[in-house]
Structures are given as structure tokens and as C-alpha cells.
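Here's a solo chain for you in C-alpha cells, the form predicted alone.
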Amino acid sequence: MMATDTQRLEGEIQALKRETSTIVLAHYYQVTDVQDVGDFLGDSLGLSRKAASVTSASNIVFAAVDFMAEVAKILNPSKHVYMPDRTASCPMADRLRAAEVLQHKQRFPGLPVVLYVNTLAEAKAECDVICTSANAVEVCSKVARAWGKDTIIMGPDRNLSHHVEREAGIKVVTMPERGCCYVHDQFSTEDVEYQRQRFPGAKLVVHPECKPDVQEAADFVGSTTQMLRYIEGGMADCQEYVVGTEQGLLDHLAKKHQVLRLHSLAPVPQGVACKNMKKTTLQKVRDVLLAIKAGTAGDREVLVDEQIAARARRSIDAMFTYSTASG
């Protein structure tokens, strides 16, 4: 897109947000143009906290995937929540349905169920507590202690479960057995070895959705915001990093800090992208705002059954009780 087209769309979006009393929440995995028009930019925990505190707008446009928009609706039942592209979904979240959560609760009676925020509302409604990658270790440790258990049920990411087991010192029963994020799970130890050879002075930071052997080879393992803070906090001593996560975070950091030398852990020039996160474009953000103004955005509105929302809300509120993490 030409720079003039981008500027025109950005101007339209800012005006439409004011006219429609709309706030835009954008995830770090969005393209940078969409990040730039967000009123708040963050990872799943930061966006969850922001969604819980929205008071200055009647409408929320969520530039991310469906489960995140559902959280915003659950936490703001009186507001209208829209997605620029209603088909933007998370394959990992789609794999864990309420029925499987119930089956595991019957199979392992008495164990607490902690679900990753990357789940649909129907699954959240059947668990005890929600966690994010930023607070998973803290939440799971505290839940296990509160319940007097050394084992929890967790889903849907087997790699995050490994991270929790290693850092929290508890056992985790993961559901579904092979659940993972297809973006982060594709990084390999071969990638680590290759990029270490290419960039010997770089530090390796990866997301806990990466495979266990990739996590164990890294200099730092953390959520999207935790990786960002680690890199920004270490810039005085190190300006080169290999990063094992979705390309949107690297694009954000490269734009913000031109001194940084950033390389995707995937040894390809374009890095790796979540095709669903990238469905949202600047034009689609403008278009959904136009539809909100015209009263024709019903096909992009996110709705959650009231009973499911009420039960899911309890598990989300429990996360905020157990977690002190800010992002």
C-alpha cells in the first residue's frame, strides 16, 4: 500500500473512532499499520486487562482473533465488540471444546482445570481458572497450592504445559494431547543451531508456545510482552537478538528501535506469520468502523451466550485474583 493511501486510511479511522465512540485494541501480531491505529497495543494479558477497564467507549473493535474478542465481550457485556475480519480464528483454540474439558474433569476428578486464554468461551465456561503465557507459571503454582494438589489439568498448548511443569514444579495433564500453536511449534533445534552459527553474538528469546527443546536452548523464555521488555531492557548491553515468535513482534520492535538487529528464529527473510492474525488489514479496520457508523456491522459483531459468558467470566476473574503479572 502506498504511503499516501496508508495516511488517508489512518485519518479516516481516527475520525470514525471519534464519531462512533469506538476504541481499537490491537495485538502485537497484527501488521504494523494496524498496530499504529490501535488505542491500546498488547499481548493477551495486557489486552484482557484493558478490555476489563474500557469505560470511555461504547464500541470495541478488536484487531486480533476470535477468542480474544470473546474475552472483551465477556468482560464488557454492555458494549458492542466487533472484529474487522470475523473469520480470524485460532486453530489451537478451536481444537479444545467444552466436551473434552468435561471428559477430562470426569477422568481426573478433583484436579483443578486451568485453561490458556487461547480457548473459546465454551471451554472457558467449564474450567476453574484462565491463564496467559505471561502469568501461567504464577497462576498454576498458586492454583495447585490453593487446591492442595501436585497436578493440574491444562490446555490446549502442550508446550506451555511443559513450561509450567518445569518452572512451577508441578505435574500437568494436557488436553488435547497434541495441542499446540502451529506458528510457534514449527521452530526447531536445527533452527537454533543454524541461527546461533549465523549470529554468534545474538541472544535467543522464545515464546513458551515453542517446543520444549527450543525453550531449553534459549537465553530467555517469556510471553510476547515479556520478550519485548527483555529485549528493550537489555539494549544497553546487547543490540542483536534471535526471536522465536510471530513476525509482528519483530516488526514492532524494529520500527520502534532502529538500533536493534533482529532475526526470526525461522531462517527465512520474512520470518513466520499467523495467517489468521494477518487477516486484519487497515482497510478492514476502516470498513468495520464505517459499518458501525451506518448500523450495518452486525455480521462482524462478537456475541457470547449469556450463560456461557457468566461462567467464563468467573474463570477469567479468578485469573486476575491469582495473577500479579502486568503483561
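Quantities reported herein were computed from a predicted structural model and do not represent experimental measurements. Start at 1 and count along the sequence shown; that's the residue number.
Missing here is the form predicted in complex with a small molecule; even so, the following discussion is about that form.
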**Q.** Heavy atom within 4.5 Å of the small molecule in the model of the complex - the one residue of Y116, F187, Y82, Y241 that qualifies
**A.** Y116
Q: Quick one: find which of 52-60, 293-301, 255-263, 26-34 has residues within 4.5 Å of the small molecule in the model of the complex by heavy atom distance.
A: 26-34
Q. If you check in the model of the complex, is S44 within 4.5 Å of the small molecule, heavy atoms only?
A. yes
Q: Classify M68 as contacting or not contacting the small molecule in the model of the complex by the rule of any non-hydrogen atom within 4.5 angstroms, answering yes or no.
A: yes
Q: Flag S161 as yes or no: does it have a non-hydrogen atom within 4.5 angstroms of any non-hydrogen atom of the small molecule in the model of the complex?
A: no
(Q) My question is simply whether Q247 lines the interface with the small molecule in the model of the complex - judged by any non-hydrogen atom within 4.5 Å. (A) no
